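Before any questions on binding or motion, here is one chain by itself as structure tokens, the form predicted alone.
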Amino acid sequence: MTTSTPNPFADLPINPSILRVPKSATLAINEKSKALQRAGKRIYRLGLGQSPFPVPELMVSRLQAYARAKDYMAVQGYLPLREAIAGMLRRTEGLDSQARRILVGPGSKELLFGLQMALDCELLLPAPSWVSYEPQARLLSRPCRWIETRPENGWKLTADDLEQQARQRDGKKRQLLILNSPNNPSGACYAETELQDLAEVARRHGILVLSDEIYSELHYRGEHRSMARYYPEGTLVSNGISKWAGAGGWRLGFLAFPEGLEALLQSMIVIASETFTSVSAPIQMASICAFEDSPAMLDYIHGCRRIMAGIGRDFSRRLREGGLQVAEPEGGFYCLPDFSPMADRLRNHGIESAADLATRLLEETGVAGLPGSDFGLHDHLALRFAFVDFDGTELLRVARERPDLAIDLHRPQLQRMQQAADRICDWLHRL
């Protein structure tokens, strides 16, 4: 008879800050969707915002050419890449960007975490905001304050909202506001006047702003405006190739620092040197062309914009016709329908929260979405849907060959998106 040996490491002291944070909601819903698919269930994967488009062929050919590059790069990033990034910011936003104030990292997510680590700040987040901002603050035991927004304002932060929150600041701790446009989860984009008003408040109260512009090139009208235009001295810009260049798996992002924040940049370079060291050499070298003003990249980006604009309009229209409150997205991959007017009917069927709603919808219709509570919306029955469950390769080819034609929303590649919207509405009507 054998006796089991007690595990001497069963009571390892895990950091309590980590134990309080669950796995990333977007990754968790993606894994659950895949598991249901393996079990034979038809799943509409609208939970994870992964680009449906292929990586531009120009970038792929460059990666093949540089595949043998094996040396460690500079911690701050490959200089020609940083020069290309700075050039893009000067060209598209009119910013005084310089390569010496650019930091390259393995995705903007890692850099945002490093930024919160380097700063001893209170985090300000408009509700709703991307699912990882607040958990990163919790992992670092940083205070976080949510600022409520309203669906009638397109879920956007207003200058009055920010002013009220700034006046309630406790103590002398500096505040860091993260502003994301085009927005995940709502698809809203900030207009020039809205950014100017927010900049005035931020300047008056000395609020540091991180402008998360990861969807910048997917503004459907090509009219993205950076907060750094109106508050250059207090705005950091984050961006990367995950969304508008379809290269999420390449893991390359950057932070652009304004003049005067060199100490913060140097602190983050220290963090980078002791964590990821540097981004893969072939990836950095191959990504230079993504930031250059080449006809091939512009053609690719314009095609992606046209497709996403058409799908976003059609998907949100179908949901509205089904009785949901949802604004038409202006950029990116997402929309945020509000089920709150149906709260009593949903409650009669055992659905008390957005998390309940997301679970029941996935189990009973196969449509995966994320609850608004994961984005800081705790007083609304809202779900975020990423309208990206289609193969964008053929659609992009057609859009680039015939830029004068409207996107044919009845193409076979888009049937799944239409079916997903119809399943949501049919399910609601059957309740």
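Start at 1 with the first residue shown and count on from there. Computed from a predicted model, the values in this text were never measured in an experiment.
The same protein has a further form, the form predicted in complex with a further copy of the same chain, not shown here; the description that follows concerns it.
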**OP:** Evaluate E57 for contact with a further copy of the same chain in the predicted complex, applying a 4.5 angstroms cut-off between non-hydrogen atoms, and reply yes or no.
**Re:** yes
Subject >> 4.5 angstroms heavy atom contact with a further copy of the same chain in the predicted complex for F113 >> reply: yes
Original post:
Even though a further copy of the same chain is not shown here, does P412 get within 4.5 Å of it in the predicted complex, heavy atoms only?
Top reply: no
Original post:
Contact between S216 and a further copy of the same chain in the predicted complex at 4.5 Å, heavy atoms?
Top reply: no
Subject >> Heavy atom within 4.5 Å of a further copy of the same chain in the predicted complex - residue from T275, Q164, N153, S294 >> reply: T275
Original post:
What is the one choice in R229, R360, R320, R305 with a heavy atom within 4.5 Å of a further copy of the same chain in the predicted complex?
Top reply: R229
Original post:
Does every residue of G253, H380 and L383 put a non-hydrogen atom within 4.5 angstroms of a further copy of the same chain in the predicted complex?
Top reply: no
Original post:
Can you pick the stretch from 335 to 343, 322 to 330, 154 to 162, 264 to 272 whose heavy atoms fall within 4.5 Å of a further copy of the same chain in the predicted complex?
Top reply: 264 to 272
Subject >> Contacts with a further copy of the same chain in the predicted complex, stretch 87 to 102 (heavy atom within 4.5 Å) >> reply: G94, D96
